[in-house]
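Only one chain is given next, in structure tokens, and it is the form predicted on its own.
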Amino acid sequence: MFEFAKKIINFFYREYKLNLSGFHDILTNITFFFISIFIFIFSIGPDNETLSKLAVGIVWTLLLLSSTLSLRKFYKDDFDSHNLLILHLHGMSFEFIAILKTISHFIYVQIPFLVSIPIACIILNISFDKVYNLLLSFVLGSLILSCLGSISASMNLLNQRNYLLGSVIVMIFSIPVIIFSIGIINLEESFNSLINILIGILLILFSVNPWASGACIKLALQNN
């Protein structure tokens, strides 16, 4: 048991070092997020009332687009360097590797946006009472996006000619996430029910993700 826990700790430490060395990728995602916000502001115009009505939808749309930028490296680098196979030979199932990679993606790719969201709220004139709900919806929604990202990125290993397919899959299946996440912020009377729906979606995807991703990784390694 201790040896297995040590393997998990070593896995996350390795992910930490890889993401630290590739910090420019995270910085690129955040830069894309803020540049897109300013583009929306310039396109909508100086009307603060219109901007505040659309602001929450703008933030969630850009968070979705920014998170899809990192999908190509979700499994690809470890697949090409045979690290996925090495981890499997060291006693980790492909399903468990998928779980660890999903958690790693959430920690090292999604969490940095938590710092960016309050700044975006100030720029877009989002009222302070909505910031908490936006952060809460993002924590749940980003975990869902990481699960979807894991599934689509593992499918990309089987179809290495068209990486846009994975992004399209994430965007299609994330539409309910955006709808319910925006509803949490704008429809306060439905707060508890919408939170429960998001948690339900998260639990379903978190249980499906390791089996779907693990199967795709296994097939990709067999076909390689």
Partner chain sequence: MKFLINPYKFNNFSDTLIKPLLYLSVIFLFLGLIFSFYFSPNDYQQGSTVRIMYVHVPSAWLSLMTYFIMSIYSILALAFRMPFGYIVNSAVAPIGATFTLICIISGSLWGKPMWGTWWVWDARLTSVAVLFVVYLIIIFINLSFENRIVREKVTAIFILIGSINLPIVKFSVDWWNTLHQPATISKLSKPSIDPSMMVPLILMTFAFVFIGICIAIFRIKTEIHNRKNNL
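In this text, all values refer to a predicted model and were calculated from it rather than measured experimentally. By rigid core we mean the largest C-alpha set that fits within 1.5 Å across both forms. Residue numbers count along the first chain shown, from 1.
Quick note: we don't show the form predicted in complex with the partner chain, though the next part is all about it.
Original post:
Out of L135, I123, I103, I111, which one falls within 4.5 Å of the partner chain in the predicted complex, going by heavy atoms?
Top reply: Exactly one residue meets the criterion: I123.
Original post:
Is there a heavy atom of N192 lying 4.5 Å or less from a heavy atom of the partner chain in the predicted complex?
Top reply: No - in the predicted complex, heavy atoms of N192 and the partner chain never come within 4.5 Å of each other.
Subject >> Interface membership of N48, the partner chain in the predicted complex, 4.5 Å heavy atom rule >> reply: Within the cut-off, so yes.
Original post:
Is there a heavy atom of I41 lying 4.5 Å or less from a heavy atom of the partner chain in the predicted complex?
Top reply: Heavy-atom contact with the partner chain at 4.5 Å: present for I41.
Original post:
Can we say the CA of N29 moves by at least 2 Å between this form and the one not shown when the core is superposed?
Top reply: Where the cores coincide, N29 still shows a C-alpha shift between this form and the one not shown that is 2 Å or more.
Original post:
Quick one: core overlaid, is I175 moving 2 Å or more at the Cα between this form and the one not shown?
Top reply: Comparing forms between this form and the one not shown, the I175 CA shifts below 2 Å.
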